[in-house]
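Below, in structure tokens: the form predicted alone, a single chain.
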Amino acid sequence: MSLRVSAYTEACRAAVERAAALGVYAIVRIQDKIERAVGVANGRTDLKSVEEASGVGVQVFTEDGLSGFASSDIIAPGSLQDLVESAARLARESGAYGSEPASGIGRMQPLVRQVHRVVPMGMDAVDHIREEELVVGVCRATMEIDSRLAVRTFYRIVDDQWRIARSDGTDVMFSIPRAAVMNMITARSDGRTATVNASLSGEDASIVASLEGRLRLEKRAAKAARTALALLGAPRVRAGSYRIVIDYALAKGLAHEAFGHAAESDCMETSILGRNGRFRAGERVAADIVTIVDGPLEGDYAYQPISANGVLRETVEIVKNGITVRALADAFSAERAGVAVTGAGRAESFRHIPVPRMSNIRITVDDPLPMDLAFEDVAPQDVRECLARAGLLLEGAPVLYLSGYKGGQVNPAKGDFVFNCSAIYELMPTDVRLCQPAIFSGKVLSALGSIIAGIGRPMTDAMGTCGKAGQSVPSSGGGNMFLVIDENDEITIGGV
């Protein structure tokens, strides 16, 4: 079955020919997206939606590098010719306002490619009525664990297709299938509340419609529900610096917010990884065992094989064996940052101009400690026993295990981060104690430099939404199932 965007060949040709007649270079971006969503609150459906949207954005460049952009939801040859003319006029007028000329068009090699990701349980495999039944079932099954629980379950499945055509003959088409289901689980009792999330992401409806997907989701939801209930009576940890363990969702947060954005080539003027606007390659930022990689993974929620500029998306080793190697770069900021183009440009929709950003970013550690259990089956006691076998428990103070990622903030220029978790466990030689969540904060490079071990195989399905330049795109990532970070005065856990 062909991609829907294959129907727009004449429109692309008309745009490119009009650009040539006007003496400008054009990048045409066509998007055709179908999305369905179901929301369930405490067992009752409160949202059902189906959205179909398509449109085109045209970005042009004059010989002097001045750029203009125009978009429309009408994809037809005449409409695209009008867009090229509008964008060309805006580009030339921008010179009067001191716009900075763009460079880098010559760094993009012509490409003709089609990447159609065919998934086993796509948009046509499970109808909307069945999707609703499944999501309601997930929500109600979690509620039945305890009468003190309130549950909000949200499911989304998307088939996002793109076509990028350029004046140099580039014509690429690709599909981005994705799906996610999220549970927000709140426990309430005697005026106290605690909220823990459980989610699962992938490329199709199998996350809720297959037996394997439902079992994983039910295990995650049940584990989160029990944690929320236990948090109602849990104490707080004493503020200070500790040896800590973070799960792969927090590792994704650390990699993405605290490090990945700093490696994007358009941010080097204000990045901890930049010096005089250029990427600091060849510098040590972590121990030899640490590697940080970003790149598309088939089957992943944030999969994107080709950039929104029509360049193949590369898998980039940002850090290898603790040393910075490469940045995430698009053609228009790579030269200034002193790096190679890696096809990192992404755009929220056809109405946006792409900027360099991550897809799936993960921190991995060499020779991780073994963990034979699936992540959903790992209890805090299992983490404690793994540390004990490796001699990583401490006699005089607990090791804190931080579970779940609930957002945070980072200062990319200074490298300061503040993250929130869902729960904290004190791991002691003979006991485990659940505590209230607290702020995890510190210096990015101190955190990376203090990683001393990993536990379990890499997990890369921690998903979220990445915001930058007024745009939001799907993101994902992770790392080893758990990372062990040694005590450091520049890394603290909050408390009373």
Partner chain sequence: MSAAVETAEALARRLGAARGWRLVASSVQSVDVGMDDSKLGGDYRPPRATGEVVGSVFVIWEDGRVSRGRIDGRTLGRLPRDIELWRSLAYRDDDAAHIAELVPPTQVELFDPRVADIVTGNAGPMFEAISQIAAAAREAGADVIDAGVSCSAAETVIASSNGLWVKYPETNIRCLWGIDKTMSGIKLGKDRETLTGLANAVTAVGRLAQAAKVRVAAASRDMRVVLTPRAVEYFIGHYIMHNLSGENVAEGRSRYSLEQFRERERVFRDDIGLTLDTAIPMGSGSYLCTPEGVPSGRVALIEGGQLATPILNIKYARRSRMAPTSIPAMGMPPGHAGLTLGAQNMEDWLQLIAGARDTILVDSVLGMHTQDPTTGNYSLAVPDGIVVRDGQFAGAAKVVISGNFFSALSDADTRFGLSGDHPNPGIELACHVEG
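Because the structure is predicted, anything quoted here is derived from the model rather than measured. Numbering follows the first chain given and starts at 1.
Missing here is the form predicted in complex with the partner chain; even so, the following discussion is about that form.
For the chain shown alone, Gly408 is a contact residue for the partner chain in the predicted bound form, at least one non-hydrogen atom being within 4.5 angstroms. Among heavy atoms of Arg188, some come within 4.5 Å of the partner chain in the predicted bound form. When the partner chain is considered in the predicted bound form, Gly343 lies well away from it, no heavy atom lying within 4.5 Å. Proximity of Ala397 to the partner chain in the predicted bound form: non-hydrogen atoms within 4.5 Å are absent; the residue sits far from the partner.
Listed stretches are 157-165, 381-389, 367-375, 413-421; the contact stretch with the partner chain in the predicted bound form is 413-421, by a heavy atom cutoff of 4.5 Å.
For the candidate set Asp330, Glu203, Asp247, Asp294, a heavy atom within 4.5 Å of the partner chain in the predicted bound form is found for exactly one residue, namely Asp330. Contact with the partner chain in the predicted bound form, defined as a heavy atom within 4.5 Å, holds for exactly one of Ile452, Leu434, Met428, Leu47, namely Leu47. Residues Tyr8, Asp32 of 1-33 are found to place at least one heavy atom within 4.5 Å of the partner chain in the predicted bound form.
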